[in-house]
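This document starts with one chain, in the form predicted on its own, laid out as C-alpha cells.
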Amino acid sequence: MNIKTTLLIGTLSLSLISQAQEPIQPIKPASNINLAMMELGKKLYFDPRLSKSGFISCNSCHNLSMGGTDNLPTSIGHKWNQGPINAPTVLNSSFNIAQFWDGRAKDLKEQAGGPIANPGEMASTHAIATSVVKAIPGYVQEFELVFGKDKINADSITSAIAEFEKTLVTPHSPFDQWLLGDKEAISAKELAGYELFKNSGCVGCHNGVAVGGSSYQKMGIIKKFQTSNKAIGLAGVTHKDSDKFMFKVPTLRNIELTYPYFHDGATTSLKQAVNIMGEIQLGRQFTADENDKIVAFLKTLTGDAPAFDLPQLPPSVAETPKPEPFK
C-alpha cells in the first residue's frame, strides 16, 4: 500500500468518525427497490382516477414539484373540503417512525390507503378504486407483470404506491456534503447556525437521517401552543390523555420548501417558526442574529429533488367506471 492510498484511507476514516459524532446523518440514495413495482406505483401516485371525482391524486396534496406537499395550511379535498391538518411532505417519508402527524399509519403502504377512502380527501372506497384499476387494460397487464394474474386489489395498489414513495429521497444537500467531508460545502454562518441548533437543544427531537420523524413530542413543552386547530395528535390513536398534543416530529429536510409550518400550517415564515419553537419547546428567545444563523443552516438541508419522467397513464376504456365530478 503506497503513501497516497494510506492517506486517502485515513481521510475517509476521519470523515466516518466525524459523521458518527454528529446527531444528523447524511441521506443515502434509495436502494433495494423493485423497479417494475416502483414504475407501476409512480403511475398510481399521479392517477386521479383513484378518487371519486377523477380529479384528485396523491400528487394533489403531496406535490413533487412543491417539496412533496401543497404549500397550503390544510389541504383541499373532495368537493373543496378543507382538510383538518397540514399535509406532511412525502419526501424522505420512508425514514419516519410512522405516517401522518398522529402516527395512525404504521408505514407507507398503510398510509397510501388512507386518503383513497377518506370522504374528505379522495372520497372513494378501496373496492371502487380497485374496480377502476381492474377496468383499465394497461393496468391489468402491468399488475400481472408485477404481482401475477388476478392480483389487483387494495393491497397490491398500496404496495406499489409505497414502493414508489420509497424512492422519494433527497440526498446531496449542502449539509450532507459537509457531513461527508467537504468542509467548504456550507458557509461559516451556516455552520454557526448548526452549532446553535445543536447547543440550543433542537437536535433532541430533530436528529437522524431525516432530521426528525423518529419520535413523538408534545407541541408546547414549555409554553402552550396557541392554535384553533382541533387536532390532538397521538391521543386520537391511543385514546390516552397523556398523549394529547403529542405529534410525530416533522422532518426538517427541505424545510425551506415545505411551508406553511406546524400541524396547523400556522406560519409561512421559517424565521417565525424558529422563534415559536424556541419559545414553546426550549424556553428560549433567539436573537435576530441567532435566528438568521439557524435559518441559514436549515436551508442547507435542501437536497436534490427526485428526478424522473412523468408517467404516461394507461387510458380508460368504455367499460372503465366513470368518475363523479363535483361542482
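Treat the numbers as computed from the prediction; the structure is a model and nothing was measured. Heads up: residue numbers just count along the shown sequence, starting at 1.
Below, we refer to the form predicted together with a further copy of the same chain, which is not included among the displayed structures.
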Contact check for G181, Q217 and A288 against a further copy of the same chain in the model of the complex, heavy atom at 4.5 Å: no
Listed range touching a further copy of the same chain, judged in the model of the complex by heavy atoms within 4.5 Å, from 63-71, 289-297, 275-283, 27-35: 63-71
Answer option from Q141, Q82, N118, S131, heavy atom within 4.5 Å of a further copy of the same chain in the model of the complex: Q82
In the model of the complex, Y259 touching a further copy of the same chain (heavy atom, 4.5 Å): yes
Interface membership of P311, a further copy of the same chain in the model of the complex, 4.5 Å heavy atom rule: yes
Contact label in the model of the complex: I76 to a further copy of the same chain, heavy atom within 4.5 Å: yes
a further copy of the same chain contact at I56 in the model of the complex, heavy atom, 4.5 Å: yes
Stretch 40-54: residues contacting a further copy of the same chain in the model of the complex, 4.5 Å heavy atom cut-off: F46, P48, R49, S53, G54
